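Before any questions on binding or motion, here is one chain by itself as structure tokens, the form predicted alone.
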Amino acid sequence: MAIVGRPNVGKSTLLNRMLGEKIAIVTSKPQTTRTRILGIIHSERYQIVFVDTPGIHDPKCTLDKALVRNAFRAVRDCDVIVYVCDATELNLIQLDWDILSGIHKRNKAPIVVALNKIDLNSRINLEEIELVFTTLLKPKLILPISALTGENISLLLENIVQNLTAGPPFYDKDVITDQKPFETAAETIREKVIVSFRQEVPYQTAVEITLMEPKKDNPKILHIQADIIVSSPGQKAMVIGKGGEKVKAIGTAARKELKEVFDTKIFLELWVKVRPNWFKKDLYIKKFGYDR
């Protein structure tokens, strides 16, 4: 089941809410999610495999094009598609139509529309929205929700279950995501970078884990070394900060969350490295895993 939509509509927040656990990083900035993220719900009645996708937008660079490809690839084999909209925006835009048309070309699966962020806008004219959507397609359901507060999430989940096709489970009951530990570590660090900066830095930053293993002198401590990749010397100076205080703060915040994620003490070392205009180059996009 794919969760799709424009950037910053709350797709990752919705995934985390339905799973009851954080597996996708979340920030207030668009284009936080860069790869497809798998999340699995297990119950006695069903197993649902959710695919969180990057926000589909008008691509401006090579990285943007890879993110849009990732999102559209994710919908090809899904039994149900959840299209997430922002309820604080009263009208759909041309990009919504383009996305829905692109989805429909790739997969004729049932579409459920989730009008997210109703905690920020309770004055929704549902009849008007239904009329607009049905001019293009006939969704199985249009449901106002709040991924942040959990309102109507159980109703959304039940409708998804009703539209699933029967089949054997794909994953063991103790598996909730297919993300590898180094991917989780890299994304956690990147999240802390994103929330620390404005303008171009969050969108031109990547994180690469260069070492992740038990500390040699104390195996109970997980030793992580990571490179924060930026696209210019000016960005490097910003991320390091005066006297290294900015990168230290990023490290402190990341270390705290990584300790909870891996349930062990963390020894984290961060370096900031410049790869000029890396987000425009296929080589680096593939190296950092943003092409899948």
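What you are looking at is a predicted structure, and each value in this text was computed from that prediction instead of being measured. Numbers follow the displayed sequence, beginning with 1.
One more form of this protein exists, namely the form predicted together with a small molecule; it is left out here, but the text below deals with it.
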Would D79 show up as a contact with the small molecule in the predicted complex if we use heavy atoms at 4.5 Å? no
T27 within 4.5 Å of the small molecule in the predicted complex, heavy atoms: yes
Exercise: D119 in contact with the small molecule in the predicted complex, heavy atom 4.5 Å: yes
Is it the case that L148, even though its partner is missing from this view, gets within 4.5 Å of the small molecule in the predicted complex, heavy atoms only? yes
Within 4.5 angstroms, counting heavy atoms, which one of the listed stretches 109 to 117, 162 to 170, 209 to 217, 92 to 100 is next to the small molecule in the predicted complex? 109 to 117
